[in-house]
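To begin, one chain is listed below as structure tokens, in the form predicted alone.
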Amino acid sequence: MKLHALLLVSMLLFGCSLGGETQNPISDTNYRTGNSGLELQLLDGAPPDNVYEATTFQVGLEVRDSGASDIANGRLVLNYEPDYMYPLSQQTMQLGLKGKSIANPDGEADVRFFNIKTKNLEALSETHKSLVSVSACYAYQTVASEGICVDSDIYNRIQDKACKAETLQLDSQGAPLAVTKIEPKFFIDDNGKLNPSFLIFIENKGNGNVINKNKISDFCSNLKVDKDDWNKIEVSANLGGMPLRCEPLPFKLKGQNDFVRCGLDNGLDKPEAAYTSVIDVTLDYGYTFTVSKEVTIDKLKLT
């Protein structure tokens, strides 16, 4: 009986220590960090460094969604030199993966394989180096949600106020595209209303290129793509639940970083005091990148 009581007390103490203030609740974990979305890693030996002519080999990849958004209709496409090899199975694959979550803090992963066969080399060729690659195309989303000061004292005449309108410096949101800065501007219109406007700075921090999210299959195929479908981003934002109008739309990223302006059309009744609200910014886009390896094809010598 005494032993049973001691065990019971120990279990209670252990349970309390796990639930103490020093522990970080799992639900408080922020998964919207980092600059990764889909990640591809070629498997060791797949493809091999060397392969003989008229021989089958595999291109193997570990695929992982390391970002905070799910991938629903991703696409993988195998690229190769058709004069020297050809696929034995499908050249393209569909891809669906879950992003980071409480259940899987590293994101969902899978392994995929393409089967290829080399052709015979020319009679006078002893070897040939050939590049084998896999391109990925997928739709993704970046979400930034930050507290921001709404301040009608645009000339800073009031010294003691709850908050001051300042530029927000951000880092990452668990996606290759990041909202890096939000610069607020406030104006009083002729009707005495407060007109908030925000410059939202966006940067491509990933290892690939931004594409039209509605043309995923075109980019990972042999179809010709329009130049206007590169760097296209759908931007939406709201302030305290009120939708903002963003311009220009459609928005095209110029270089690796650019900005879009979002404002409230009808303005706000001028608040008597500064207060903190929440600005939400959502970026919807497609993304593409390629991993590759050089494979040496050797002539099969019969002895």
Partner chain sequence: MVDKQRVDEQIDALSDITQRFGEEAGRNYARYRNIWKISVSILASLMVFGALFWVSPWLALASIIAAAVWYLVRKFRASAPAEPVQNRISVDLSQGKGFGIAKALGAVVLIVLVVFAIFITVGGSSKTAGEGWLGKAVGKISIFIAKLGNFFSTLNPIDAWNNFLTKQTAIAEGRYYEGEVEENQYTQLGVYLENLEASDPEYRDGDKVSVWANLKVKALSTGDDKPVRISVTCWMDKEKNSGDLGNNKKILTFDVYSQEEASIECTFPQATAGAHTIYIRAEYDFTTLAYIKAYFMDYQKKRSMLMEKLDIFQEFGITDTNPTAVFTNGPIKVGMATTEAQPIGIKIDNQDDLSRVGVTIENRDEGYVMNVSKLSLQVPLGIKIKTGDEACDHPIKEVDSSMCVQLCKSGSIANRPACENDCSFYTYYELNMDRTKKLKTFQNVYCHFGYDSKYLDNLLGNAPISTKYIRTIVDYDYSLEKSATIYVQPKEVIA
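Positions refer to the first chain, counted from 1. All figures in this text were calculated on a predicted structure; none of them were measured in a lab.
From this point on, the text means the form predicted in complex with its partner chain, which you will not see here.
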In the predicted bound form, does each residue in the set 70, 105 and 180 place a non-hydrogen atom within 4.5 angstroms of its partner chain?
no
Listed residue that, although its partner chain is not shown, lies within 4.5 Å of it in the predicted bound form (heavy atoms), from 189, 122, 110, 166:
122
Mind telling me which stretch in 194-202, 166-174, 128-136, 181-189 gets its heavy atoms within 4.5 Å of its partner chain in the predicted bound form?
128-136
May I ask you to check whether residue 43 falls inside a 4.5 Å heavy atom distance of its partner chain in the predicted bound form?
no
Its partner chain contact at residue 93 in the predicted bound form, heavy atom, 4.5 Å:
no
Residue 79: touches its partner chain in the predicted bound form, heavy atom cutoff 4.5 angstroms
yes
Given that its partner chain is not shown alongside this chain, does residue 114 nevertheless sit within 4.5 Å of it in the predicted bound form, heavy atom to heavy atom?
no
Judged by heavy atom distances of 4.5 Å or less, which residues of 191-223 approach its partner chain in the predicted bound form?
209, 218, 219, 220, 221, 222, 223
